[in-house]
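Presented below, as structure tokens, is a lone chain in the form predicted on its own.
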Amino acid sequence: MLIVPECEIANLMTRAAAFDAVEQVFAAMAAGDAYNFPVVREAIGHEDALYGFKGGFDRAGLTLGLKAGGYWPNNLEKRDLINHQSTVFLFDPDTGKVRAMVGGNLLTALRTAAASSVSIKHLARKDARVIGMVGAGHQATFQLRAALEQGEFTKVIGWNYHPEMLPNIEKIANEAGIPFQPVDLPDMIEADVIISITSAFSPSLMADHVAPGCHLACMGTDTKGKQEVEAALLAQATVFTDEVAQSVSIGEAQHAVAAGLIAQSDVHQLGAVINGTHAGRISADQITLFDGTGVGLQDLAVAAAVVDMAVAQKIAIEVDF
């Protein structure tokens, strides 16, 4: 078995490699060559933690495995550890023998950012210039870095429930040499691309905050009850997702479907756009929305890529197991 510890991931995995891995696995999913297993997610009754498993099998890439982990809300305060903790396990699809164990914390952040940036590449207008950020936490910094690589952006605007956190994303904009401006939510109407990355259970971004032609990447809703944007916004948009079943059950689309504003058939796989079997954006004033729920195949794809890198650089630890 190969081990790639968390401490090595930053020296191995790049945003470009994460982007390629996620784009390819979305395409495989839409082609029917890869599928996710049902998600297990439980409150364990200890340390207020949520723990679960996401897994799947990619026949095209011959990648089989799972990510185990979750959210420990007291970690940072009590132990100076990040609250999200995860590990990816890969198995040989020919024999079932364990192939690798990979640190999953940074990989999760990189694959989540890659998913939204893949949606920007395939769905945003080519003349998009202003990015709006709804949310300014740790993951928002990964989102913005990846997104800025997908176009010729000239301005970043941002809003957060806690305004004192906005310097997190202002720093990323400054590093890219792009001006940053804090705004109120109605001013998001200036944005050509909006990324929402919060843990909210009630909507902040409303339909009248979004201009015609905007592309939205809604990345924070991955649990039943969570909601970042007004359900009416999905009714006005062409909706895409990583996996339809998750979108309508635990993603942003759950609320619009429950309210009867859209049907499950109105939610499309982003992979179909990548493969060319869905037209994607067809007009300059069309609102497109990507509901990024996070799927196990994303984790497996980036983990498999980083294992290959670790082997090539002789960093992977091999143990008899």
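Because the structure is predicted, anything quoted here is derived from the model rather than measured. Numbers for residues come from their place in the sequence shown, where the first is 1.
There is another form of this protein, the form predicted in complex with a small molecule, and it is not shown here; the text below is about that form.
Partner-contacting position among Asp192, Glu230, Asp222, Glu170 - heavy atom within 4.5 Å of the small molecule in the model of the complex: When the small molecule is considered in the model of the complex, the option within 4.5 Å is Asp222.
Residue among Thr198, Gln85, Thr238, Gln150 with a heavy atom within 4.5 Å of the small molecule in the model of the complex: Looking at Thr198, Gln85, Thr238, Gln150 one by one, just Thr198 meets the 4.5 Å heavy-atom criterion.
Taking the small molecule as it sits in the model of the complex, is Val98 in contact with it (heavy atom to heavy atom, 4.5 Å or less)? Looking in the model of the complex, residue contacts with the small molecule do not include Val98, since no heavy atom lies within 4.5 Å.
4.5 angstroms heavy atom contact with the small molecule in the model of the complex for Met188: Looking in the model of the complex, residue contacts with the small molecule do not include Met188, since no heavy atom lies within 4.5 Å.
Answer yes if any heavy atom of Lys126 is within 4.5 Å of a heavy atom of the small molecule in the model of the complex; otherwise answer no. No, no contact at 4.5 Å.
So in the model of the complex, does Cys214 come within 4.5 Å of the small molecule, heavy atom to heavy atom? Close contact is absent here: in the model of the complex, Cys214 is far from the small molecule, nothing within 4.5 Å, heavy atoms only.
Okay, which stretch from 87-95, 170-178, 106-114, 72-80 lines the small molecule in the model of the complex, with non-hydrogen atoms inside 4.5 Å? In short, 106-114.
So, a 4.5 angstroms cut-off on heavy atom distances: do all three of Asn36, Arg59 and Asn275 pass it with respect to the small molecule in the model of the complex? Verified in the model of the complex; spot residues all out of contact, no.
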